[in-house]
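Below you will find one chain, with nothing else, as structure tokens; this is the form predicted alone, and questions on how it binds or moves follow later.
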């Protein structure tokens, strides 16, 4: 077995170290100038009028749902193929996540299915730009309902009109966990077009305090969902190198496409369509239906290669089965994709030799099974 090839690995260098040290030496570790600088730089990057830094993508999704009016007894139409946070935040706001099946090619929310799921109780649509691929937005916008975009995996992506994900004016939420296109360790950002929504998010992330209020004065329910100046300084350094990291992710993806071409029954991530562009986050493949995924993951692990089931169908998780009565067969496209998908090692500094090793190991494993 060769040296371990990890599933993901952040790119951290001297610029990031110096940025963090600068904040540590300043003595202003939170609620300082780095937060505003990071927000403004990020908003400019994605073409959004405003941005609010928060402690995680999950926190951003919850605050965004609150800001567009989701509350007790409401329904939110969303995708069952996602990290569980996009459904959890609906429940956290005492709303019901109403799942709609996904498009078999892009794996994003199927507009027709989403439209059919809308009822008089629907308060918002929460599309998930899964694995970095942008959801088809125009049909969802035509419904005339508030939209909160889960763009936590989609930094660097572009919509069908060629504009950057996060800049359509809806609340769009990005995540900065260590495996994302850029990282602040933990953290997130909400981009918005409406200054009133930014003002509300800024208040609720900071215990419900308005900008002109004293430290112990609060005018609404809030949370501690702030992002520290340390994290924001790291984010600014990462933004400076984002173009190169995205380009390296594209390079690795291209190597995978080449190395895995021609394997019978193996489905690779869909190619970009027209002006739609994936913001490369992970490289997820769907194994042939006859292949045992757990055995494949085990075989790769024995060769020093990390891989992971990615992602399970949310509606089939125990909590959602028990709370909302979901069952197998409700969303067949999602269920089929979730049952056979695995994420392969994918990070900007991955070498061509490492990609070749993964491809050879996967090809050999599939041939044996």
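Numbering follows the first chain given and starts at 1. In this text the structure is predicted, and so the values were computed from the model without any measurement.
FYI, the form predicted together with a small molecule isn't displayed, but the following is about it.
> Using a 4.5 Å cut on heavy atoms, which of 76, 152, 114, 107 is close to the small molecule in the predicted bound form?
Looking at 76, 152, 114, 107 one by one, just 152 meets the 4.5 Å heavy-atom criterion.
> Identify, from the list 235, 80, 187, 166, the residue with a heavy atom within 4.5 Å of the small molecule in the predicted bound form.
Answer to the contact question: 187.
> Taking the partner as it appears in the predicted bound form, which of 299-307, 51-59, 32-40, 328-336 has residues with heavy atoms within 4.5 Å of the small molecule?
Among the candidates, contact is made by 51-59.
> Taking 66, 92 and 125 together, does each of them reach the small molecule in the predicted bound form with some heavy atom inside 4.5 Å?
Not a single listed residue reaches the small molecule in the predicted bound form, so no.
> Against the small molecule in the predicted bound form, would residue 200 count as a contact residue? Criterion: heavy atoms within 4.5 Å.
Because no heavy atom of residue 200 falls inside 4.5 Å of the small molecule in the predicted bound form, the answer is no.
> Does the small molecule come within 4.5 Å of any heavy atom of residue 180 in the predicted bound form?
Within the cut-off, so yes.
> Although the small molecule is absent from this view, report whether residue 134 comes within 4.5 Å of it in the predicted bound form, heavy atoms only.
No, residue 134 sits far enough from the small molecule in the predicted bound form that none of its heavy atoms falls within 4.5 Å.
> Considering non-hydrogen atoms and a 4.5 Å limit, does the small molecule approach residue 157 in the predicted bound form?
No.
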